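In structure tokens, the next block holds one chain alone, the form predicted on its own.
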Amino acid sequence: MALRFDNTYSNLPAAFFTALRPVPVASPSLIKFNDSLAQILGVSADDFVDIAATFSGNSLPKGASPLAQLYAGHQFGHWTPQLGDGRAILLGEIIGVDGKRRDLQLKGSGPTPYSRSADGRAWLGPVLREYLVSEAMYALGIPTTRALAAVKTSEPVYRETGALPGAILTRVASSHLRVGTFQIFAARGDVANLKRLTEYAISRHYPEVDGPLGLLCAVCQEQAKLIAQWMAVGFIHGVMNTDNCTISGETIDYGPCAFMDVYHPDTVYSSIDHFGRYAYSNQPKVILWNLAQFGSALIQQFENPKTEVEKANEIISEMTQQIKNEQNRLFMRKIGITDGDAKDIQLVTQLLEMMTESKVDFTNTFVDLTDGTEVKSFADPTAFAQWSEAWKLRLKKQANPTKVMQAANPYYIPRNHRIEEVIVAALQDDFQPFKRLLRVLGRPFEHHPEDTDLRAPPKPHEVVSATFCGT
């Protein structure tokens, strides 16, 4: 069976993209193929004559319509009037066995007209990071793009540190439509194509909504739920630019992302986030700002945009409470409560305040509470004991609190130091640590006695204080 392409984006006007093929590489070799995702797409590894050639772009699958998408965006709050796929090629759209439409994209497939003098390639480290983190997010139940394949190119990629092994990731997404895709047409005053894009996005993602403001409302709701889910697992995106904000509500672009080890609301890992714009605690604020830019772009297609400003602002302002409500719901579940009220929210707040003061591990603290393990790491044991007593008293009124917590608190996350270990090993052509970590991250809520070391926080010499963009 072959990939079932049914391309719609390539049927849009030429202003939306540049049609071009991936640049071939010398001698591609497969690192990993995602068999479970392939099953959803209706294929298997055996369906490809040369799987490495296919997922390096050397041999295009039948029905592909390769192109690089055009978009713009605000990067760290600064407007960039033209971005686009500078190192990615959208091969086309696949209809899976579940009837859903998904994009198939190659990352690191060579330069495009939007590369801005860059080489359009990716090196091995960021490809492995995105594969691991995106699949971990999927297993955690968080909307995300996914990884179908990772391929070594056998060609060097040159960065500041010198020559590094090249690689290509095959990414699968509900679509690659971004806030920035709308911004570029709005900024250019291209109302005709802005309308076409709006109609296309509605048809593809939200056929039940009516018009531009209906689309805005739907995207706000999906992004509100997504950000709350990030917060509940301690995930920090690191580069929440508008070109990295999807219309579908999926997490996209795992560059300088990270999961927190020690809990602190102001945590920043991204090496390029010098002022903490995209810190953990700022993510709910940033998504409002991003969606305000989305609303501003959408209303440009009305005959009198000024009359729609108030309606758009009202939709966006509702996001604050939507995120807060969803975040409260998820965090209450992390302490075993499903029918909470203001007093229960206060329990969560008190716990997080103690966690901040005591510099405890975010993930393992909640796992210890779930498992009933004695927690000894709080700086003020008396304060924690008082909190614990009130919490346990509250749980007596809750049905199946342990089951609730087990479903909310993963044992395993893709910890930064473990990803670094994977990359170091891969540079020596050892992919066993990658495959082991991937296997465990695929079942994050299960206890794996033989893999307990992957739960451990980093030792002082293992701490990763900064993560880097994949370009």
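Residue positions are given as counts along the sequence shown, with the first one as 1. Worth saying up front: this structure is predicted, and the values here are computed from it rather than measured.
The same protein also has a form predicted in complex with a small molecule, omitted here; what follows describes it.
With the partner omitted here, the residue from 388, 115, 281, 271 that has a non-hydrogen atom within 4.5 angstroms of the small molecule in the predicted bound form is 115. Distance criterion of 4.5 Å from any heavy atom to the small molecule in the predicted bound form singles out 243 from the list 135, 344, 243, 261.
Only one of 243-251, 95-103, 303-311, 219-227 places residue heavy atoms within 4.5 angstroms of the small molecule in the predicted bound form, namely 243-251.
Although the partner is absent here, residue 159 lies within 4.5 Å of the small molecule in the predicted bound form, judged by heavy atoms.
In the predicted bound form, the small molecule lies farther than 4.5 Å from every heavy atom of residue 377. Remark: residue 211 does not count among the residues lining the small molecule in the predicted bound form, judged by a heavy atom distance of 4.5 Å or less.
Though the partner is left out of this view, residue 366 does not reach within 4.5 Å of the small molecule in the predicted bound form, counting heavy atoms only.
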